[in-house]
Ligand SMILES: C[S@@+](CC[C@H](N)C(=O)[O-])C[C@H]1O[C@@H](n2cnc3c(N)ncnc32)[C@H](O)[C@@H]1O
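Presented below, as structure tokens, is a lone chain in the form predicted on its own.
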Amino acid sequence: MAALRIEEGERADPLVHDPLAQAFIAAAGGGDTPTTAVLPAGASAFLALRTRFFDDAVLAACATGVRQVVLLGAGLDARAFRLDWPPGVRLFEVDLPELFAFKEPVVASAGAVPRAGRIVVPVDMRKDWTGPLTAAGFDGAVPTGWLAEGLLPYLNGAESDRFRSDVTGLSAPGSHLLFDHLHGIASDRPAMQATSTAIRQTAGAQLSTMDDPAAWLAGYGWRARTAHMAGERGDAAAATGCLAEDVVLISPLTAQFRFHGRDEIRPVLETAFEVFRDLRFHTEVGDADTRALFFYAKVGRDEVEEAQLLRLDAAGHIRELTLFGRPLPVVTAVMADLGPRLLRRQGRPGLARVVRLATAPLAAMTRLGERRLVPLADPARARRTRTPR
């Protein structure tokens, strides 16, 4: 992995820069690692994307107030040295004793200074690792950011369940659990088959899969937050995966206009991601059954703010999604654009033209009203023009 991070760091616009990767390679004898030589093309790009995703995710957890982070199966991870951690963060690295026997002398000789309170916990996670972590100063009474990058695919079903139970037992309310997994369909892809072969040859491990992590977590009190991440990426397939089979989507313009089921809603999401740009969530509130997400997005030259009211089922999937938006002129313009796009996807271009002709006046009227009429009713204008008796 260090060799792949070096490859990414040599790009003109790297997603990740690892200041210790070269030192680790040199300490290991230099040259490419066996895994690097046999992994399929694109492996370094995948690793860079995955690493940057977890970098951003763990810092986002810290932005909510988390000040205790645990890297499980830390390996040669250099996050303690390369990320801009908020003040007061304590970062625990958990991995095999022999891993740290190699890593720590390299870190010391490189003169690397951690940007957080770094604590190493040498322990085999196939045994009891919670006791050594607690003995090292871990506080189970405060929220924790757990990061298990690339770990779960190496665990079988029983080991994954034990991992879930152990982490849950140590997690205070407000904790974040960050991990990646392989879906069962990935095993048929040529690149994934090549990766699995390389890993078996070098590590003797067989990659495992998990098809529904939200359901896997739900029974232990965790709520998966995949919907907003899928939205920010514009990933309609991932967003659809967050939906219950019998989900209902309610339009922001009228409760009478509804879509039912994943098959109906996926094209709506695909079309919406064609219209919205630079989507970014800024607030999430709610409880285990009902959540509200708020985001900003660009629509042409305008900015829209939307709220999504989510009602969840027992597995954490979205069973009802109600949309709200502002300002009204942009919302009506979005509907005037999105409706015809969706109809063209359905092979109904004639109806698409009719809908565009019918909705265009409404969009124009609301925009004109905002520019001409709303200023006349502005309370500030009334205060300026009111004269004392």
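Nothing here was measured: the structure is a model prediction, and the numbers come from that model. All residue numbers refer to positions in the sequence shown, first residue = 1.
A second form of this protein, the form predicted in complex with the named molecule, is not displayed here; the remarks below concern that form.
Going by heavy atoms within 4.5 Å, which of 237-245, 274-282, 95-103, 259-267 lines up against the named molecule in the predicted complex? So the stretch in question is 95-103.
Please state whether every one of the three residues Pro252, Val334 and Gly339 places a non-hydrogen atom within 4.5 angstroms of the named molecule in the predicted complex. Per the other structure, none of Pro252, Val334 and Gly339 touch the named molecule.
With the named molecule left out of view, choose which of Leu151, Val107, Ala297, Val120 has a non-hydrogen atom within 4.5 angstroms of it in the predicted complex. It is Leu151 that has a heavy atom within 4.5 Å of the partner.
Could you check which residue among Gly73, Gly231, Gly145, Pro213 gets a heavy atom within 4.5 Å of the named molecule in the predicted complex? Contact check passes for Gly73.
Would you check, heavy atoms only and a 4.5 Å threshold, whether His183 touches the named molecule in the predicted complex? His183 lies outside the contact set for the named molecule.
Does any part of Asp124 reach within 4.5 Å of the named molecule in the predicted complex? Heavy atoms only, please. Yes.
With heavy atoms only and a cut-off of 4.5 Å, decide whether Leu155 touches the named molecule in the predicted complex. Yes, Leu155 sits close enough to the named molecule in the predicted complex that at least one of its heavy atoms falls within 4.5 Å.
Please tell me whether any heavy atom belonging to Arg356 falls inside 4.5 Å of a heavy atom of the named molecule, as the geometry stands in the predicted complex. Taking the distances in the predicted complex, the answer for Arg356 is no, it never comes within 4.5 Å of the named molecule.
Which residues in 102-117 have a heavy atom within 4.5 Å of the named molecule in the predicted complex? Nothing in the stretch sits within 4.5 Å of the partner.
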